[in-house]
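The form predicted on its own is given below as one chain in structure tokens.
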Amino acid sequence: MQTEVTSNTSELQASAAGLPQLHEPRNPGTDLDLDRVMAVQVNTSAVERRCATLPGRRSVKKDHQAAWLLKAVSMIDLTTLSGDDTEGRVRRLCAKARQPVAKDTLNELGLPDLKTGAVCVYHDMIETAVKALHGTGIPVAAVSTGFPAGLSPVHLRVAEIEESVKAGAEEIDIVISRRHVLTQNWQALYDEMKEFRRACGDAHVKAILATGELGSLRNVARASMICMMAGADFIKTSTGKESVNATLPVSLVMIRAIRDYHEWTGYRVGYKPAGGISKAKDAITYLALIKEELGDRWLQPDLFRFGASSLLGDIERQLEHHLTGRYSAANRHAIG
């Protein structure tokens, strides 16, 4: 069993979480091309049909399922974004990022050094997370720009990014101004995203679209294209605070925008679904969608992340079941 699972996941041994610019040229962005943006259309019914059939058509079992779940662990941005976050909670989360699955389970599966993709926290917790993750190679991601609404003054949002980078965050998850999308002010969205990218410097920037508040899949597709034109390293679905977060239809629209951008410019942009992904079987469905639409290159931590916390607990339960044939109680796999 160990040999089979290890052979299915051998690339994980060399796949440390990292920034896109460490693996290939970083997306520099392009000039704003409004003709290309306005040409973007979405067939909503076709998107929904495609997504409705995916979970039933793409199912993996036994060793293959374990391999996909181990892959998913390596691409989780382990997240705590609560008003009652404490330094102790963040340190526990970082310990879980360093050892995401029980040591004996990982040893038996042949991946003792498996880690999560990143740890995502508020600005005030960056220093604590950086210290807790020192020497692990796990980057700290910070949510900035007036998260989650993104309605603070622009100069304060830019200053927040700069302070987060100065504090040690290697990744910055910014939120766009939804009103620019809803009013079709594409120039304002482009200028805003470009300024946020400038403020990030060498830090890797993920643009959160808050897709549940954008009104239509066409708006999601156009906002995705604008953010990539302005230099986003990743595009991300949600803050996790909206009433509707990551969904398969939204994901399909965003990753097809990524594919179109890559075909146009030659630059790869990453994708991060966030909010509402809490079950191992859902993680596999998202990975299958990425594999089918973008290919194996995007199944690495530098180009794909899950924004999640409870997801890891369910994956750990499924891996234990794979080895023992028994399901353990969820409270045995607390993540914090």
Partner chain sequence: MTIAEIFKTMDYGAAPEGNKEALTWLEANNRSFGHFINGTFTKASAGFKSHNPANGTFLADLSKGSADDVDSAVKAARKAQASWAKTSGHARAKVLYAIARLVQKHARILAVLETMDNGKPIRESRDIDIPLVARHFYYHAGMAQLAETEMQGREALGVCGQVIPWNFPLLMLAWKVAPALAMGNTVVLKPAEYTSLTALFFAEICQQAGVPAGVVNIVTGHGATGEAIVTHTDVNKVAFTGSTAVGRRIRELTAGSGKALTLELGGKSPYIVFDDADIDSAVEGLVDAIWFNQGQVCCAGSRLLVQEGIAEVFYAKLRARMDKLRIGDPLDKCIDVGAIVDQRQLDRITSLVDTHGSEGDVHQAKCDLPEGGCYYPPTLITGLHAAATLMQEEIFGPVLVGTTFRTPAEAVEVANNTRYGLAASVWTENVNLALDIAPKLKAGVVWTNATNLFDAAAGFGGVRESGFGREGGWEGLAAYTKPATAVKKLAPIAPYAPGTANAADTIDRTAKMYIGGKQARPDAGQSQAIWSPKGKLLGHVGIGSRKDIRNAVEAAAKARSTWGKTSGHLRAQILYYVGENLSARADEFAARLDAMSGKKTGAAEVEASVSALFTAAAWADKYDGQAHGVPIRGVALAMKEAVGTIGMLCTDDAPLLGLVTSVTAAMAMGNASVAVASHAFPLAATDFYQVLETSDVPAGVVNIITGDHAELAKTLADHLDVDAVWSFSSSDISADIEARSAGNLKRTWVNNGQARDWNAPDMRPFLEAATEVKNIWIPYGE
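Positions refer to the first chain, counted from 1. These figures come from a predicted structure and were not determined experimentally.
Omitted here: the form predicted in complex with the partner chain. The next part is about that form.
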{"item": "Non-hydrogen atom within 4.5 Å of the partner chain in the model of the complex for each of Val47, Gly56 and Ala66", "value": "yes"}
{"item": "Heavy atom within 4.5 Å of the partner chain in the model of the complex - the one residue of Ser152, Thr136, Gln184, Ser216 that qualifies", "value": "Ser216"}
{"item": "The partner chain: the contacting residue among Gly212, Pro249, Gly110, Gly168 in the model of the complex [heavy atom, 4.5 Å]", "value": "Gly110"}
{"item": "Interface stretch in the model of the complex with the partner chain - options 254 to 262, 89 to 97, 199 to 207, 238 to 246, non-hydrogen atom within 4.5 Å", "value": "254 to 262"}
{"item": "Contact label in the model of the complex: Val130 to the partner chain, heavy atom within 4.5 Å", "value": "no"}
{"item": "4.5 angstroms heavy atom contact with the partner chain in the model of the complex for Thr79", "value": "no"}
{"item": "Heavy atom of His322 within 4.5 Å of the partner chain in the model of the complex", "value": "yes"}
{"item": "4.5 Å heavy atom contact, Glu292 to the partner chain in the model of the complex", "value": "yes"}
{"item": "Residues of 113 to 129 having any heavy atom within 4.5 Å of the partner chain in the model of the complex, listed in sequence order", "value": "Leu114"}
